[in-house]
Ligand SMILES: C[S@@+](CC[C@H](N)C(=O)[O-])C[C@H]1O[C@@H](n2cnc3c(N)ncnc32)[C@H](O)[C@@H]1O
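Heads up, the chain below is alone and in the form predicted on its own; it's given as structure tokens.
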């Protein structure tokens, strides 16, 4: 998308202004607003061309209702989810993220190759956010999805933006999952796990992924994306060893694996991820 203007934020830093429409009427707190209308109306700007940040430190500025520009770090999901349409505007409209659709397409192909109907899946969506994965899963006929996210703002955004897509949604820390919540999740008889655009960077640690994995029946489907760097031999996050060894040992039986462009960075360089569709054959390594 070509910039239409350049604006400052008062500290001498210049930004590409990517949207010019004003916020829609009715977007004040307490007033429901159509998600697509809100998404189209948001004005945001990226750092100037040539500026490069690590993925964990990327940010943009957004026009606030009072006319000022507020800075939003991309991993401050609690703040982003409070603004209807902002998550989609940043990551989908401006930076071209297509990971949920891409991964659900891979899953659909893998299911077809195995003779499994999408209608048989009962999915745990880890890092559910505001429900984009649930929307894509429903589109291919998955009838039952349960969302889990550590942020109450994510649950609120899912109810606001995509109500009715989850059969259940829990705000929970899977590194310290209460017994009652574990029992409730187990009661959903889960046979698939989706973790898309959520692993690494401290958002979902390996221990939380392991807890979610353990809730899925043996033979269940595992759908995950992860930045390629986290699977490298030099990885220190814990994911490289856990996932790599699980694949080598057969605990994770890979059905489809593709390297793809998750989205663009703010400097317009591609961010490459691994997309993996696998079957759970035994507990994770480690």
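Residue numbers count along the first chain shown, from 1. Keep in mind that what you see is a predicted model, and the values were worked out from it rather than measured.
Below, we refer to the form predicted in complex with this ligand, which is not included among the displayed structures.
Contact segment among 185 to 193, 139 to 147, 211 to 219, 120 to 128, judged by heavy atoms lying within 4.5 Å of this ligand in the predicted complex:
Among the candidates, contact is made by 120 to 128.
Contact residue in the predicted complex, from 167, 116, 151, 177 (heavy atom within 4.5 Å of this ligand)
The residue in contact is 151.
Answer with one of 94, 132, 111, 104: the residue that has a non-hydrogen atom within 4.5 Å of this ligand in the predicted complex.
Exactly one residue meets the criterion: 132.
Flag residue 204 as yes or no: does it have a non-hydrogen atom within 4.5 angstroms of any non-hydrogen atom of this ligand in the predicted complex?
Output for residue 204 is yes: heavy atoms within 4.5 Å of this ligand.
State yes or no: in the predicted complex, is some non-hydrogen atom of residue 198 no more than 4.5 angstroms from a non-hydrogen atom of this ligand?
Residue 198 belongs to the contact set for this ligand.
I'd like to check something about residue 72: if you look in the predicted complex, is any of its heavy atoms closer than or equal to 4.5 Å to a heavy atom of this ligand?
The answer is no: residue 72 has no heavy atom within 4.5 Å of this ligand.
At the 4.5 Å heavy atom threshold, is residue 100 in contact with this ligand in the predicted complex?
Result yes; residue 100 sits at the interface with this ligand in the predicted complex.
Within 67 to 89, which residues come within 4.5 Å of this ligand in the predicted complex, counting heavy atoms only?
Contacts from 67 to 89: 77, 81, 87.
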